[in-house]
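Below, in structure tokens: the form predicted alone, a single chain.
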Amino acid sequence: MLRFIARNIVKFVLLMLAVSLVTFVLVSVSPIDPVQANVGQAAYVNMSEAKRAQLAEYWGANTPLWERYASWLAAAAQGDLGTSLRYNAPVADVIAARALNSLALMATAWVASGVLGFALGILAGANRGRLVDRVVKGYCFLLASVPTFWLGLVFLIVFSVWLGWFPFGFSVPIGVAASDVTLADALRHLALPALTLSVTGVANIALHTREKTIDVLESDYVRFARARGLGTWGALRHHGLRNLALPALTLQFASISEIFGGSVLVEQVFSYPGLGQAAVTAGLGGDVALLAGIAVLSAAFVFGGNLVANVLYGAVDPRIRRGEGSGAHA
């Protein structure tokens, strides 16, 4: 256990260093001039050279990459992620203000996509070759090839413009004070972005679960159970769910990175004020401190999801723990 913990701590630290360094390098080689991007083209043209130099120094545009990264890393090691020049606030405060919106969006989409994908996969596998199987496969293949932002635009047109079931965007009603926003208002604004994000994550889990369901139904122990009088659904419920849940659970936690990446596009389409929208704003404005903070947080989020998947994998199937123990002992 100590070896497992130490190994993952080392992996986590190396990952954080790599992600933050790559973020600083990408921003430094970007053609975006942070001064021009944030003051506007017209103001930049009419600005004096002295004022440009002053703003460039303020944004750190002329500071060497390694010096900026070393300064940021030393401060980050003490819990200070720097100041977002785009929002004129500490990076930690900007992330904290938007993290709840993003976490609510991703958690809702993550749970919905896992449950729906698992159910559709079992339904298709249990009805292999029938109409319902063909419908589920066609649905999954179609969704797997549809870009998230395009699907978001279609949902926005259909459900918000044509039908008027959902608001056009944002996380709260426009013009309403924060103290007056109810839980129903927040859920209503969350519903359509979460639906868009969850639909795109269904295909992978559904198709994989379908194949595993077919394998389980063709296994000897399920055939024996059916020979004893159990129906297809009874055999799956009593003898196949654990074998089906194990790979689905692993895929579900591994899909956290896809959910996070998709949330950036969804937040842009729906003007949803979350971390994804803040990351785009930081990237377009050359706000390296904010972009690095969000990148490190997202990498930690994905790393935690994969770690939980590995732990739960061993909890669901104890043979894996015994196998690891035997290998370590040997």
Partner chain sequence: MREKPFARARRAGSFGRVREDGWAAACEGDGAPRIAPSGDSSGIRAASTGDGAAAAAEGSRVATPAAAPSPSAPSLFGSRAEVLHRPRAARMGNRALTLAALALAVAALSAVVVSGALVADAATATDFSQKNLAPSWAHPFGTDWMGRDMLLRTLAGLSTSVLVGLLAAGVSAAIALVLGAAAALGGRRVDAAVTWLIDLVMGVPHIVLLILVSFALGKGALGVTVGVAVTHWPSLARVVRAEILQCRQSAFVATARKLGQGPVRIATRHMLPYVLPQFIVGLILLFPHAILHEAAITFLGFGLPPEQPAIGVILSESMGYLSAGMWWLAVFPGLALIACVLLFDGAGSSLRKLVDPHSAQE
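Remember, it's a predicted structure, so these values are computed and weren't measured experimentally. Residue numbers count along the first chain shown, from 1.
Not pictured, yet referred to below: the form predicted together with its partner chain.
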inquiry  = Under a 4.5 angstroms heavy atom criterion, identify the one residue in Leu153, Ala107, Ala227, Ala74 near its partner chain in the predicted bound form.
reply    = Leu153
key: Heavy atom within 4.5 Å of its partner chain in the predicted bound form - the one residue of Met47, Leu55, Val269, Leu65 that qualifies   = Val269
ask   = Just to confirm, Ala70 within 4.5 Å of its partner chain in the predicted bound form by heavy atoms?
value = no
query = With the cut-off set at 4.5 Å between non-hydrogen atoms, does Gly283 touch its partner chain in the predicted bound form?
reply = yes
key: Exercise: Ser219 in contact with its partner chain in the predicted bound form, heavy atom 4.5 Å   = no
ask   = If you check in the predicted bound form, is Phe149 within 4.5 Å of its partner chain, heavy atoms only?
value = yes
note = Here the chain appears without its partner; judged in the predicted bound form, the stretch of 96-104, 189-197, 141-149, 240-248 with heavy atoms within 4.5 Å of its partner chain is 141-149
ask   = Who in 258-275 is close to its partner chain in the predicted bound form, meaning a heavy atom within 4.5 Å?
value = Phe260, Gly261, Val264, Leu265, Gln268, Val269
